[in-house]
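Consider the single chain below, provided in structure tokens and representing the form predicted alone.
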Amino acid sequence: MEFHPLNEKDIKRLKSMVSPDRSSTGASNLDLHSRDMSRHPACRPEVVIWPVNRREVSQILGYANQNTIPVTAWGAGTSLEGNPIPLRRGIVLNFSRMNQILDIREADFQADVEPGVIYQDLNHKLRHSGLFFPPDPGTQATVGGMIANNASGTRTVCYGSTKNHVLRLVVVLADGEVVEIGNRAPKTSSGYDLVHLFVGSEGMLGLVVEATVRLAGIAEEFASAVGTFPSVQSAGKAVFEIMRSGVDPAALELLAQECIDLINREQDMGLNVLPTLFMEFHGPTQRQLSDILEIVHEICLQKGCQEFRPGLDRAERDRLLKARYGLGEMIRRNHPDQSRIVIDVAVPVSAYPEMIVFAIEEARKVKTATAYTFGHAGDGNIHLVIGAKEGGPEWAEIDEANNRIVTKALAMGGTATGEHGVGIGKTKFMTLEHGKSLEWMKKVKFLFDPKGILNPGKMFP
């Protein structure tokens, strides 16, 4: 696809569509929107625009489509696969100023939000209502970015990912047409499910300008526990048994020993430096939760658990969760001279013990690299962070290890990306994962965006 490079006339016309303070061709703004948190090479857009309403988005897209100018949506820039990098330059639409919580309907467990709302801000607004928005990717992610990537997090094992919490969308299509899809009913059997077609589409089919999201009630009681194991394999086997037991954890996170060592050094947690499961359960009474912890304790003991610490109080639970959320930043801070990739495979839970051992063994083959293994174990999701100096000889080995790990996950019925999206980094695996169905994805893309202006260069190899 040949795109039209912006000229002075285009820049002037685009800038006229918004107030003077909401567009920029300045070097610093272009640089800020040239890369995300991945190691993928930066690519500068030609202009950055901050819209504040759907009319502006529609007008900009209409002009871009008419003149074959690429457009990339930008949320918070926290993606890990190059998802918002404007590979074909053109326009970046930064949605940070479309950040209004439009309505909260507590009786319906719903909220209407603009795409630039940061999900933690939504939950802060809900703090006195007894409700919350469950998906929790941990970073300062926007709801629009979460919808684009179908973001998940620690609570996904219980509450589901972003797609389970989107009821209705208002979307601006590539040619500027504004369409509303879905509705506010708790369920529907009416027509094709276009809502979930857009969730996870990474801004390639249309740009979300409003969303109705489903909220959940905050549980009356919670119980947390930490279990340490002699190996990641034994911890992985405990994960499978816990999930099979029907106790429905609200969070079930696995952290390998190198992660625990780093957390201890950074946060003075005093945890045993062994593979560790962090578990949380929600329920109506502490008595019920106490019974659940007894079941889980027995399962963990059968799988070789060396220490089981139940009954963490809220302060301990919050400290541990904060450390888990902050793990990525801790890794970056402790290895400032490194670039890194985050392998993000997910497999059926029964395959999790074998998969996590395989991933760690592959990472260890790269002798001069650093590796940290953790993940949302209850979802079968593994995060393996491998780092080395940019341009170093290790990167050929790291890329080979990445290929073998993803290929293994796909052979086990899994996926190349559990929650980070395809972006740039996972495009090479799409044919292997999807086969002939990838051609149908291309046809869907062409139907919604025949000129290919929306986030070009992503998803398809």
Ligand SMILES: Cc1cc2nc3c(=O)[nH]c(=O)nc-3n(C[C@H](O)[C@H](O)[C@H](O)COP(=O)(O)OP(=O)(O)OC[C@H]3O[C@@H](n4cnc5c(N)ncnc54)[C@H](O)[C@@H]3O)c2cc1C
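Residue indices: 1-based, along the sequence shown. Values in this document were obtained by computation on a predicted structure and should not be read as measured data.
One more form of this protein, predicted in complex with the ligand, exists but is not displayed; see below.
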| For this chain shown on its own, do Leu122, Leu167 and Gly182 all sit within 4.5 Å of the ligand in the predicted complex, going by heavy atoms? | no
| remark: The one option of Gly387, Pro353, Gly90, Gly77 with any heavy atom within 4.5 Å of the ligand in the predicted complex is Gly77
| task | Go through Pro275, Pro134, Pro84, Pro249 and name the one with a heavy atom inside 4.5 Å of the ligand in the predicted complex. | result | Pro84
| message | Only one of these stretches, 43-51, 418-426, 403-411, 24-32, has heavy atoms within 4.5 Å of the ligand in the predicted complex; which one is it? | response | 418-426
| Heavy atom of Thr139 within 4.5 Å of the ligand in the predicted complex | yes
| message | Taking the ligand as it sits in the predicted complex, is Met430 in contact with it (heavy atom to heavy atom, 4.5 Å or less)? | response | no
| query | Any chance Val347 has a heavy atom within 4.5 Å of the ligand in the predicted complex? | reply | no
| request: Would you check, heavy atoms only and a 4.5 Å threshold, whether Met146 touches the ligand in the predicted complex? | output: yes
| Which residues in 152-177 have a heavy atom within 4.5 Å of the ligand in the predicted complex? | Ser152, Gly153
